[in-house]
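For this one, two forms of the same chain are given in structure tokens, first as structure 1 and then as structure 2.
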Structure 1
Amino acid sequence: MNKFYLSSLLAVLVLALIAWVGAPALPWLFGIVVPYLAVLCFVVGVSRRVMGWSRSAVPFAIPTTGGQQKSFDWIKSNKIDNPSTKFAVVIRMALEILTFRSLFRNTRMRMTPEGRLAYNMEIFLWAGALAFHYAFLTTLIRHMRFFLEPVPWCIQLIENVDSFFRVEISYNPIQFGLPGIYMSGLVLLGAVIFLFLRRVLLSKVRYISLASDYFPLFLIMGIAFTGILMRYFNKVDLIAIKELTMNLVTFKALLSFKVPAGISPLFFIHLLFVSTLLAYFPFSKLMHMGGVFLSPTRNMTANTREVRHVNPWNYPVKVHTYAAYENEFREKMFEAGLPLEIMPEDSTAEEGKE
């Protein structure tokens, strides 16, 4: 048993318990104060991180070149993986961020019993990660209906598309009266479980995993799970929830400090999980969301011999000059017939003068 994932799991369970017990007693704390603090923490934390990164200098242009450079017009260059224009960099970054291009390259190394190495395509991590991120994004957008009144058409559209892939459950008693099932919620839960299993089952990944890798996974698992529970199994009072969320975004909650009655503790667990995720975000590896934009191996043009990159802190250094070199080796250079700046006789004459 691994204390890293146990402690993370425990932390998430404790959070749930706190919300379960605490929310009915102190709804204003869990419904208003904690969410506000979490959002504040998120906004301030993320900006500080990003500003911290941008404050650091970029002394050298160090793009990782993943394809043929631009040299002659008769050699086809790889414009995306070895971008020589700003526009190409934008394409490279966009593909990286939207399609996880580098991860798509992933291979799995294997050694056969005869000692031959083989590298096979490995797309599961890519597929899992992509499913996870897009499901998360869709869920997030879908939740905008709680913060906007009237609900804009684009969000309606996403909802419709999302539930268009309706999962048919033919078991009648369940299907009866069920709202359309959102793919995104299920995919999110499935993907996060996949990412977790991968972490515990693959020995190499388990070896490198820290508590800070398991914790967000459990948290997101918890969020997805409580979300699905609320929607399909333990119907909650949507009207009351929407009233609360609208009060939160319009800051009315700050004045009234009232949480509408009748919201189930399940919702507060969901909300505390989300708040924790937000507050935790800037201090964790989740910052990769922002960092990927600033990664110098990906976001720089690779035309480094064509255009000079300037290092803001470039400073002069001590170098061994030609003059010092010739002074040391003059006699030998002379004997070998190498050209000289100062002939040996002149140099001795000069030394004599000193």
Structure 2
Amino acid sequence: MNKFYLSSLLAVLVLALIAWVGAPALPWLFGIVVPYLAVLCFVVGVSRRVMGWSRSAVPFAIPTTGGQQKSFDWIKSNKIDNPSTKFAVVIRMALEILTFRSLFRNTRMRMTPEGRLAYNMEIFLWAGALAFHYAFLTTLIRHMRFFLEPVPWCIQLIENVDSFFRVEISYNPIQFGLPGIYMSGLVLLGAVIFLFLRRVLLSKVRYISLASDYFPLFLIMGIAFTGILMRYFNKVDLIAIKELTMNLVTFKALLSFKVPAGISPLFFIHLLFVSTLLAYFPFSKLMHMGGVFLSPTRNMTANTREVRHVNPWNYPVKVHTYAAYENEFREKMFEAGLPLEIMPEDSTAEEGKE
């Protein structure tokens, strides 16, 4: 058994146990204090890291390229993989952020039975990552209905597209037989399980995986699983939850420090998982969400044949050129037999001409 994912799993189970036992006795702690601290940690941590990245100088032009750079007009260049304009960089970044273009072209090396190296496309990794991120985004947008009143039409539209057999009237849904089935929640759980199994079953990926890689996967798995339990199996009081979230977003909870009665401990487990993920986010690899926008390998133009990249670390300094050095020590260098660009006689003749 892998000690890294076992320790991460144990940490998530301990968090669930703490919320299950502590929430009924201290609902204000798990329903008010912990969410506020998590959001504060998230905002401050992300801001500090982004500001640190933005202040970092880029001494070299280091954009990753995958095609011919623009040079002569009669040589065809790759405008996207080797962008020479800001507009091409925007297109490249959009393809990377929205479709994971570089991950789609990622390959995995393996040894064939004949002893030869072979490269295979990792299409399932790309599909799993794409499903995970878009399902997470859809779930996050859907949950905005708990923080807004009235609920905007765009969020209601996303909910209706995401669900089956559901007709929406104001805030309360009319359901036919079963609750509306949200595709995003099920896809999110399936995708995160796939990403976890990939880390466990592939020996090379398992070798480089640490506890910090498994912990957010188990957290997200717990968030999706508890959400599905509350949605389809263990019903919770949505009115009380809506009241709590509205008090949190309007800061009324700071004045009263009261949590509405009737909220299930399962919801507090769900909330603690979300709060832990928020607080953990700025200090983990999950910060690639913000780092992709500030990565010089992606956001720089590859136009080094047209524009000279100037190192921003350079600053004006007083220099002593070789010509000045030779003028100062020419006689001594000549006597020592050192090579000179201008011999002493030549310098005397040039001074006479002047």
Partner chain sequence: MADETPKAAQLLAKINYTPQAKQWMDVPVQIRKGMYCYAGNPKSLEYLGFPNARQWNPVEEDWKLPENWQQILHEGFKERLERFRSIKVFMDICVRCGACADKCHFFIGTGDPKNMPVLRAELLRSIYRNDFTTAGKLFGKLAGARPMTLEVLKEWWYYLFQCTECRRCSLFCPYGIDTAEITIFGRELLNLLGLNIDWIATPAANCYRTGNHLGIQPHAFKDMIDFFCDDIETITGLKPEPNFNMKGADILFVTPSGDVFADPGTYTCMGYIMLFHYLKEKYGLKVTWSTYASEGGNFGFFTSHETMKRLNAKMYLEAKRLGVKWILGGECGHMWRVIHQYMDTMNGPADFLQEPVNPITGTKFENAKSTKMVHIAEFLADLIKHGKLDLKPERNDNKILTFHDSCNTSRGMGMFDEPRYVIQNVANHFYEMPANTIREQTFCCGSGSGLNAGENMEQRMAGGLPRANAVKYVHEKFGVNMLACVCAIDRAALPPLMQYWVPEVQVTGLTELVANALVLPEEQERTTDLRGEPLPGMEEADE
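When a residue number appears, read it as a position in the sequence of structure 1, where counting begins at 1. Note that the structure is predicted; figures quoted are calculated from it, not measured. Just so we're on the same page, rigid core means the largest C-alpha set that superposes within 1.5 Å between forms.
Of the two forms shown, the one predicted on its own is structure 2, not structure 1. Once both forms are fitted on their rigid core, the CA atom of residue 122 lies 2 Å or more apart between structure 1 and structure 2.
With the core held fixed, the Cα of residue 25 is displaced between structure 1 and structure 2 by less than 2 Å. Relative to the superposed rigid core, the position of the CA of residue 47 differs between structure 1 and structure 2 by less than 2 Å. The two forms, fitted on their core, place the C-alpha of residue 323 7.6 Å apart, compared between structure 1 and structure 2.
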